[in-house]
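Consider the single chain below, provided in structure tokens and representing the form predicted alone.
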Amino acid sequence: MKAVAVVPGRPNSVHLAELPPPRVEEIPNGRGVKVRVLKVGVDATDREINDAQYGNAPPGYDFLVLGHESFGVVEEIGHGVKHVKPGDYVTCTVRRPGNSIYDMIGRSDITSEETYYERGINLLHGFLTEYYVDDAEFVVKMPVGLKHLHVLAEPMSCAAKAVQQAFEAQRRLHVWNPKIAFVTGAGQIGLLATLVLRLRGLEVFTLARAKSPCLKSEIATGMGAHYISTSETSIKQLADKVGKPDIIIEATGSSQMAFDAMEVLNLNGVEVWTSITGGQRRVEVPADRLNLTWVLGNKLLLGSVNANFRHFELGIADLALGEVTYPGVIERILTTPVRGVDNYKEMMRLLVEEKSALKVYVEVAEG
């Protein structure tokens, strides 16, 4: 069985590997679900793993199969599986439990262990292969009406979680009614976070470097948000003009922007960091001023990564609502298909070189 893999720790090692076909019986208690992979989304995470910035192979292997954004169709189920059946379209969560108390209660997305297990990222093979088998606990059904949005389910789960966690944390204030949101970054997470916030009724300003008109600006405005080019208007200038945001979702991958955003957050506001700023970049920040304004302003900085089954369900529900609220807009994120796992070199080239590729995904099979 073909699979696209890397050798962790070896830069630019992406290659075609072989895996044995998986069996439903691998999962105990009849809870196995066998999925034929149709499409797999790839993003900066896969590029950074191929750059040897992080990632580890599963025990017994010297390679790691990539791909954590899955979409496929159920082919076979164990006797204990009830919520999906053969023929259903599904996606799959990414992180798997360790041994902490959070893992034991189904919250592996917030594990307290240093070692974490994520399919396609760390210590577990990903989905960029022909078939996979997983426990029913991690397999999420997708409505047939959302088939055309396929690999967006996983990034949408992360966006939904980021916003949900912000509102959950802000219960500390007893009364919190946010009006203005800034979303920094207009990649897939930024645009999907824009959607979630718009569906909650906030006035949203989505910031990115590219000047309007461009695809990102068209998608953001298509969701009823305001698109702001940071090459023309700084985040501080924007806050001075429209008011300080009550919530900021940071999704640029830029440590400079992450800290710049902290300076404009409103009193009692919350900033959520969703991006990973890999590398060794150093930036100068006004530490004293940030410390003063954040303590006196009761502001909150929150890190959000990964998502569990419930966040996938929330995200899929928002995709469905977004489809009827802003018809035809979300699908425009899916810009760049790659046909077949054999074209892994083109897949990686697009991730590295093609700046207009908003969302790269591999069409593994038809269905």
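Just so it is clear, the model here is predicted, and its values are computed rather than measured. So that there is no doubt, residue numbering starts at 1 and follows the sequence shown.
Only in words, not in the display: the form predicted together with a small molecule, which the text now covers.
- Taken together, the three residues L149, I333 and E363 lack any non-hydrogen atom within 4.5 angstroms of the small molecule in the predicted complex.
- Among C214, L290, I276, I110, the residue placing a heavy atom within 4.5 Å of the small molecule in the predicted complex is I276.
- A heavy atom within 4.5 Å of the small molecule in the predicted complex is found for exactly one of Y131, Y116, Y89, F138: Y116.
- Taking the partner from elsewhere, V305 is found to have a heavy atom lying within 4.5 Å of the small molecule in the predicted complex.
- I121 belongs to the set of residues with a heavy atom inside 4.5 Å of the small molecule in the predicted complex.
- By the criterion of a heavy atom within 4.5 Å, V94 is counted among the residues contacting the small molecule in the predicted complex.
- The small molecule is not drawn, but in the predicted complex it has a heavy atom within 4.5 Å of C158.
- Screening 38 to 46, 22 to 30, 322 to 330, 57 to 65 for residues having heavy atoms within 4.5 Å of the small molecule in the predicted complex returns a single hit, 38 to 46.
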